[in-house]
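Consider the single chain below, provided in structure tokens and representing the form predicted alone.
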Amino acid sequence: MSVKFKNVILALLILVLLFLLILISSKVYKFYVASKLDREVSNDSDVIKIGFSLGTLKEERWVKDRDIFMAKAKELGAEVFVQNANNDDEDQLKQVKYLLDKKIDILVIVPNDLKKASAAVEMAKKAGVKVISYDRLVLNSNVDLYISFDNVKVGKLMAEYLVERYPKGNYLIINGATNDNNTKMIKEGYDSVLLPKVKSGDINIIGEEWSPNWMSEYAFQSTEKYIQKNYKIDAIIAGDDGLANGIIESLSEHRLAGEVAVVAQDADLAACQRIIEGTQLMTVYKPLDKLAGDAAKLAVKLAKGEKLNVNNTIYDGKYNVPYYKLEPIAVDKTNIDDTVIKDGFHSRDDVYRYTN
């Protein structure tokens, strides 16, 4: 065998060996990549995914709810996907479907409509996703948890505050939206205080209005209507601070701001400023750090299948569902520093900005 032929054979063997090495290396690399991807998917699946469906972000308080909830969930290692329906029932349903398509582990919903949102809850349950009804109760839907402040007490606090200071006179009530179950509960609270006084003849309720989508403009128009009819108004219960804003705007135009007692809820910054100015008498403070923070903790627990140890229940029209109930606080000039400001809900400079 010639030397030339031996060299050709050797070269061929080397080429075969190189080919085999490349083939083996390629398979090893593919296995490594596949394993890496598997690890990433596994790690990703360990992260709890929370869908947060908000009926609106129009009011200041809902922005606070969202931000606090997201911060707490992130601290707990969860990922939050937020959707805002802008007061549109159909959009909320579509957005919940979008969240479910993202394979969320749990749905937290602030329903735009207390009844229509039950379709969203049903959709989630069919997908095997647990549901927390946040601050507003979805009716007839058997959610896994309802978390909110004691809204009946909110109504009581507003009425008690007024009755103590104005035990006789004409009261006007401008509620929030009829499609929000909180409005019904707040009414239950203030009725328990006012109706005995109405029966005795001490208090006369000159009107009880309902504001679609909690519209401040409607509250303004309603107040205008009673002023134009020459009613003497002694006190007004507003469904929330946004409605109080419209009411006080109307009163201001007739030089009645500060003359008519106005109470509301939420402790919005503008409301706190009005309390210091004297145009709003009181607001019911609901510490959102507690509500949103606890909701995030409970959402993670539910997603992990852990026990919640919630003892209260509330009837949703069809089922008794677990109710995590928080306590609201009446706030006026005398305790605003020790509540809203002390908690860091608003800064003192912001609340007192018009008096500094």
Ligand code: BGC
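Owing to the predicted nature of the structure, the values given are computational and were not obtained by experimental measurement. From 1 onward, residues are counted along the sequence shown.
Below, we refer to the form predicted in complex with the ligand, which is not included among the displayed structures.
Of the candidate stretches 163-171, 254-262, 132-140, 220-228, only 132-140 has residues whose heavy atoms lie within 4.5 Å of the ligand in the predicted bound form. This chain appears without its partner; in the predicted bound form, the one residue of 182, 245, 95, 175 with a heavy atom within 4.5 Å of the ligand is 182. Checking 49, 61, 325, 301 against the ligand in the predicted bound form, a heavy atom within 4.5 Å turns up for just one residue: 61. Taking the partner from elsewhere, every residue among 214, 266 and 286 has a non-hydrogen atom within 4.5 angstroms of the ligand in the predicted bound form.
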